[in-house]
Every structure is written in C-alpha cells, then in structure tokens.
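Given next, in structure tokens, is a single chain: the form predicted on its own.
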C-alpha cells in the first residue's frame, strides 16, 4: 500500500504537466471543433528556443522561460494562420492534414538548427526531498503541481470573468449567434490559439526543466500525451482534460513501478483503446458536452 500511495503522489505531479498539454488541445478543439496535431511540435519549438538561449546566451531561468514561451507562441501563431485561418471553417479534415504537414516543417527546422539532436536544458536544481512519514515528494514535483494550479486558476479567471472569456464561451455555444451579435470570430480564435500556446509553453518549460534535456522527439511525445489525456478525460471538457492528465500520470507511475517502462507505454495505449470503445466521449464527456465544463 505504501508503494501504491507513493506512486500515486509521483503520478499526480507528472500528471499535472499532462493536464496542461491536454488543456491546450481542448481549448482549440472546443472553440473550433478541429484537432491541432501540431500543438506538440509548437511546444517543441519553444523548448528548443529555451535550450538555445541556455546554451549560447544566459543561464537566467527567467530569460529561458521567456524564450520558451515566445517560441511556442510564434510557432502556434504560424499554425493558426496557415492551417486554420486560411482554410474554410467546414473543412476540418483539411485543417488536420495541414497541421500534420506543419508538424513535419517544424521538425525539419529543429533538425537543421539543432543538428546535435539532444541539448541540455536549465534544471531547477538539486532540491531536497519533502518527507512525510514513509512518503516523500521531490520539490521540483511540488513546483510543477503548484505552477499547474496557478495556471488553472488564471485560466478560470480569464474564461469566467473577462470580456474575452465571455466572447469565447458565446462562440462555443453558437458560432452563428456569436457572428450575429458582432463578435469578431477570427480574433477570438487567434487569441485562443495564443492562450493555448502560453499554457503549452509553461508545460513544455516545466517538463524540459525536469528532464534537463530536449530532443526532436519532444513534439511527438507532447502530442501523444496531450491527446491521450484529452480523450480519456473527455473531449471538449476542460475539467476532463485536467482529470485525464492526472489519471494518465498516475497510471504511468503505477505501471512503471509494477511492470517496468516498456510495459508502461503498452498499458497506457491499451487503456486509451478501452476508453474509446467503452467511453468514446471520455469520462466527463456526454452527448452534448459543454467544453468549458
């Protein structure tokens, strides 16, 4: 039982980063009804920008964070202009295929600019463990969890108490009614992409800082983790995204402890397939899921 509880604590810390990745996917999917599979590669651009600043310019954690955030936002803005703004609203499949093409572009850019493939990233530091009886928690894990909670609180305030949040919620309820009421749909969609990019940039920064390195595989990894968490928790549900991320982290921690790293990935995708069959709309999904719930 001690091992199970300890693994659960570790999984919650890891799942907090997965939750942020799932939130980015959910924001875009909830507003547009389209899937942006280039979301992970956009975060990859950000973390490589941070790694470049760290290796060539400064060790300032603030500057590295700014570079990571800026890289993610710029890449996401490019995806929105090319794969969404330039394609008709009713051509969801064309948008998804386009984001895959942009994914390949972004990976090639990273491959040319960072030929060494693996680069060091600023680590939070060697912090002591927080002990409570037989259980312990790494301080960097606690840091990730607290940052995630702060992002969730900020997102709740933006969506619930700002004019932008009101317009965004109106757009998700009815695109046609939003247009008739005078809402600038293109502007809201673009700002939603930037909001998702900021959340993804924070997630990428925390994950890269925890690992201490980045590789071009980061884009694929972030995409798969975010999508799996979103599908498990509930399509178009923000609460589902958080729940899915936490569950994914706990499942991975338990599976790695009891079965090993190789079985961990197999089990995660087996659970994904089971969820698609038994709960195709996710745990918190439903016939008429309200994405912001």
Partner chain sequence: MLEIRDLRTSYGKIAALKGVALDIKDGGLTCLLGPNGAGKTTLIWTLAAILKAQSGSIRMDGEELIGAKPHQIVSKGIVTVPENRLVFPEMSVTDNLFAGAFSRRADKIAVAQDLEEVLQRFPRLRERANQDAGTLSGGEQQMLAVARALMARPKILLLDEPSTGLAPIIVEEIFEIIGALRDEGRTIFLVEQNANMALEYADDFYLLEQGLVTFGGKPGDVDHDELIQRAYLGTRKAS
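These numbers come from a predicted model, not from an experiment. Residue numbers count along the first chain shown, from 1.
Just so it is clear, the following notes concern the form predicted together with its partner chain, a form of the same protein that is not shown.
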| item | value |
| --- | --- |
| Which of 67-75, 163-171, 193-201, 147-155 lines the interface with its partner chain in the model of the complex (heavy atom within 4.5 Å) | 163-171 |
| Interface membership of residue 189, its partner chain in the model of the complex, 4.5 Å heavy atom rule | no |
| Contact flag, residue 177 vs its partner chain in the model of the complex, heavy atom cut 4.5 Å | yes |
| 4.5 Å heavy atom contact, residue 182 to its partner chain in the model of the complex | yes |
